[in-house]
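The chain below stands alone, shown as structure tokens; this is the form predicted on its own.
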């Protein structure tokens, strides 16, 4: 059964065009993807990202479970800090990427859409396997997640809270009131711009808050933003999308997420990653920028002199650059910066250049 956000009626009122993504009916866009994309890059946008999940982990051994089940050593992350990490299978492939919040009484994870029960069940299975006093609970339907993103996001949100947002460091969070509503307020986001996210429970508390943020944000050029612009924004910054970049079973070494790994502790999948790292011949996620007209899409082949050397995992027309951009898994010998390859788009070969990430730099 398709899930709808508690804010669905507001989105209808605002004229949203909807799409179904991972079992959730969510706004694809309100005006247009390009307009909303540039609004976030230049001013500020408000996202309903309630298709994402919420899993709470509590118990005496919650920290140990988080350290075993993710590539992060959770003992390094103090209370009121969050951390981006990945959860692996024993073979080193990624089950999901997630942010976890270290709360005073446990950890709140934000798995991707449709992954709440999968992640909770995996964590509980590992708690039993390792004899740990910890329990994971899928609370996804108990939360609404709002994201305020863009260079003017701080100005908008500061009008609604007493928290000094200028003092909140990247990935830091606090328990705050926003327009009188209790939230977990974090300096996090998926756009590469200055931004904040609000975890709100119970869900009905988010309805008036969403409307109030739009009202206050009028003076700053705010607009509601759909999933279409969320995807183009993240791709310009080379952020991975789980259902694209992890398709078929990818490791963090392949997916460009080696920076998330803390090797100084034992975790599920570590031995497999060490073997892959030593071998070194694995495909790696690579940034490709078209130098001819064309829009790459998921699944397009990448060729060099007629030989297949990779495959596009995500592609779009960059609204900021007005050129085609793509993330592709490539054989290591074809990944040098400046290397020119062909992306096969509808049986036409479009030349593209290997570039350093991100496609669009901050500011």
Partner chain sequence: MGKEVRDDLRYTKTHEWVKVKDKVAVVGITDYAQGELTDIVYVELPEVGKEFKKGEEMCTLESIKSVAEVYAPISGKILKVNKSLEDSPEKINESPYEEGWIVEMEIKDEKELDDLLSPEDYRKIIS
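Residue numbers count along the first chain shown, from 1. Small disclaimer: the values here were computed from a predicted structure and weren't measured.
What comes next is about the form predicted together with the partner chain, which is not displayed.
The chain is drawn here without the partner chain; in the predicted bound form, the stretch among 120-128, 170-178, 224-232, 79-87 whose residues come within 4.5 Å of it by any heavy atom is 224-232. Think of it this way: in the predicted bound form, the partner chain has a heavy atom of just one of 34, 331, 64, 301 within 4.5 Å, and the residue is 34.
Screening 309, 28, 46, 68 for any heavy atom within 4.5 Å of the partner chain in the predicted bound form leaves a single hit, 28.
Using a 4.5 angstroms limit between non-hydrogen atoms, residue 346 touches the partner chain in the predicted bound form.
Taking non-hydrogen atoms only, residue 293 approaches the partner chain to within 4.5 angstroms in the predicted bound form.
Using a 4.5 angstroms threshold between heavy atoms, residue 17 counts as touching the partner chain in the predicted bound form. Contact check for residue 317: a heavy atom falls within 4.5 Å of the partner chain in the predicted bound form.
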